[in-house]
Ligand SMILES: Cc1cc2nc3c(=O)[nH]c(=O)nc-3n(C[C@H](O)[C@H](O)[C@H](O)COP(=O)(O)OP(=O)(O)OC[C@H]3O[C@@H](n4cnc5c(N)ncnc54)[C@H](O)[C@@H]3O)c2cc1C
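So this first bit is one chain, no partners, the form predicted on its own, shown in structure tokens.
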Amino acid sequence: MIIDKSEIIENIQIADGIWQMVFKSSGIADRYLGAGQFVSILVDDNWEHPIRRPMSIADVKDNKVSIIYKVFGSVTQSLTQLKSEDYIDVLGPLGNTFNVDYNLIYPILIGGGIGLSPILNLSKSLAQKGIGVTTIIGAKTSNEHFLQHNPNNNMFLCTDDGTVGINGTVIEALNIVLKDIKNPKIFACGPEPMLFSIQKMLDKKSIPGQFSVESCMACGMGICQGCAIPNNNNGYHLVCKAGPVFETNEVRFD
């Protein structure tokens, strides 16, 4: 990993409260290992916002790195003010990657909220290898979607209010998808309540999976201990060091 002053190429709104930023960083791109990794961004180099913000990598192409982020508060709001040719302080790449044994299983990818970044990254990576996948993307309402609901192309959108795609959560969509798939394995990223619901469902149906866990973290390197998550051995994992990608039976959300 490196710390890089990266030049912003693009920073645009792609849906309601959802933005995509592309920046140049040969150093980060050269060290990038695959979908699941993240970067940690110092949004403002001042005492008002001294803590870095973790952002999953949505794509890497040549020397360009893409992230997708949601506006939650003043820090992410200030991120939207950055323009092309501005510079941003980026630490990365950090974390591990998804491990897809596609010869043995059929991948079902699930993204909820801003957790779609590593999922879209993984989907593109597998598509480039000619590997078929089914993708489920959940949101509260259609305004938060920037993709098209296309079941014929194995792309399923769902919304809590039913304004586009399947009416309900990713669980409803997953139940529909699983009816026609043999040897599935789930690859998911999203809010903890979503992952907890998927985890319970997979445990009941004896279906394997991997989660990319979202967590608040300050350093991204295991120093601050701020991203601890319970494991199944009465201990804790640090998301930034052991993850963010875990097998579904390695972490607990209850």
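Note that residue numbering follows the sequence shown and begins at 1. Computed from a predicted structure; not experimentally measured.
This protein has a second form, the form predicted in complex with the named molecule, left out of what is shown; the following refers to that one.
When contacts are judged by a 4.5 Å heavy atom cut-off, residue 76 counts as touching the named molecule in the model of the complex. Using a 4.5 angstroms limit between non-hydrogen atoms, residue 54 touches the named molecule in the model of the complex.
In the model of the complex, the named molecule lies within 4.5 Å of some heavy atom of residue 117. Put simply, residue 215 is close to the named molecule in the model of the complex: some heavy atom of it is within 4.5 Å. Stretch 67 to 75 is the contacting one of 153 to 161, 67 to 75, 133 to 141, 119 to 127, since its residues have non-hydrogen atoms within 4.5 Å of the named molecule in the model of the complex.
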